[in-house]
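Given next are two forms of a protein chain, the same chain in both, each as structure tokens and marked structure 1 or structure 2.
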Structure 1
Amino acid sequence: MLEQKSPRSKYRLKRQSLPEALADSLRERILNGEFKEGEPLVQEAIAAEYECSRMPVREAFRQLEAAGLIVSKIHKGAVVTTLPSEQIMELFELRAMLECDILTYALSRMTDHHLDMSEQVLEQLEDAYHKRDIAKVGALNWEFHRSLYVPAHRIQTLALIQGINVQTDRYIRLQLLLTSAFEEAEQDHRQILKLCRSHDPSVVEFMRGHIIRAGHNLLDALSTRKTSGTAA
């Protein structure tokens, strides 16, 4: 818990405030489904768990609220956000639009170095997938997409996409538990990388399909879960 991430310099020391570290950890736990939709997050309980006061917890909550992962009502506390299925699909549609846009920018600027990096991430992703390490798959899935977009140098767009991916990650990880539809996504990823290597503009539309299909697959999985098993 509370590990630091993405060290730029080789000897980078802990440079993160407690609230940020807490937010990172809590975000991860929400995405992993440890805190389920609608579940209340009690300041005191979290504080006790991390052996700190409620103060940094409150600041972390503000961050998570801004990211759309929780909502907090005054004097009533925070609960994990619940999204209706239309809004989940809307998130995937937003991703499709924004990621296709940024990929168009990125495509002409990708170097072999970039592509090798992406391939490396993809290999890790495939490895994690075969080991059924859900959390790692979720994180690496985004990391792979992200690696393709970096060459675009579209800072604001990338930040926006990252925010949306945090939200969809939650459902992607859920889907990994429910279905085996991710097999298909795996093949997509290889194809995407291949098209990128040849700088083929058709990759943009392929990416759109990849994202939209993921959304539909997920919604199918969610609806069948709801109709069939109403497990607590």
Structure 2
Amino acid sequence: MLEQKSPRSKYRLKRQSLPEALADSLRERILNGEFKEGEPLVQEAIAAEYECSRMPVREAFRQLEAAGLIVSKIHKGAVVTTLPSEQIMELFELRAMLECDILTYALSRMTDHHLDMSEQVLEQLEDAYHKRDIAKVGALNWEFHRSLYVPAHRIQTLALIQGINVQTDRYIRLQLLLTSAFEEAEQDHRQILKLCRSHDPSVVEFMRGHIIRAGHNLLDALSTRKTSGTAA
């Protein structure tokens, strides 16, 4: 009698760096909205889904909790974090403060090579906008911003900014889905790159407005959705 093989899981992972690969996969599923805010993540179910033991799942959960994407609750286990509106806005305000500071340091150090690299990322981001590829938009949005800050050589500040961007990524994606603000985001990024190419210091305040406006637009969209849901 031939041994029957179990159906291949669509979430099957390479054994190399399993906790990191698992954390990356779960992170993307949280960011793209597959796992909703407040939804529990059950270790046993995740382990079965990925065909692995619970040990790498526990390690992946620790990484996700450190990134602020899940929180451990007594009697509930791991739960996808839910942020009140004031904390969401606080994250965008922190982004504005730190990103404008690092951009100030980076501006005078930007070379044509740095700006050409930013241009390449922006072209990929614009392609994702046109295709409405939300997952790629989230990753490339951060990569574009990051490319502008690398010349500052402020490693600790950049690490802090990246951590905040992990938390705001899902809200940026949600904002684009709720508001279809692709054109505004595309225009803003083009203007930011143009000002950087001119080494124009006004780009710092333009960046601040870009980030804060995105936060307010998101909160307005969330409020509208909540009101509509209540009315329904």
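Only the largest set of C-alpha atoms that superpose within 1.5 Å between the two forms is called the rigid core. If you're wondering where the values come from, they're calculated on a predicted model, not measured in any experiment. Numbers given to residues start at 1 and step along the sequence of structure 1.
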Number assigned to the form predicted in complex with the DNA in this pair: 1
For a quick test of reading the superposition: does K131 move by 2 Å or more at the CA between the two structures, rigid core aligned? no
Would H113 count as moving between the two structures, using a Cα shift of 2 angstroms or more after superposing the core as the test? no
How much does the C-alpha of K73 move between the two structures, in Å, when the core is lined up? 2.3
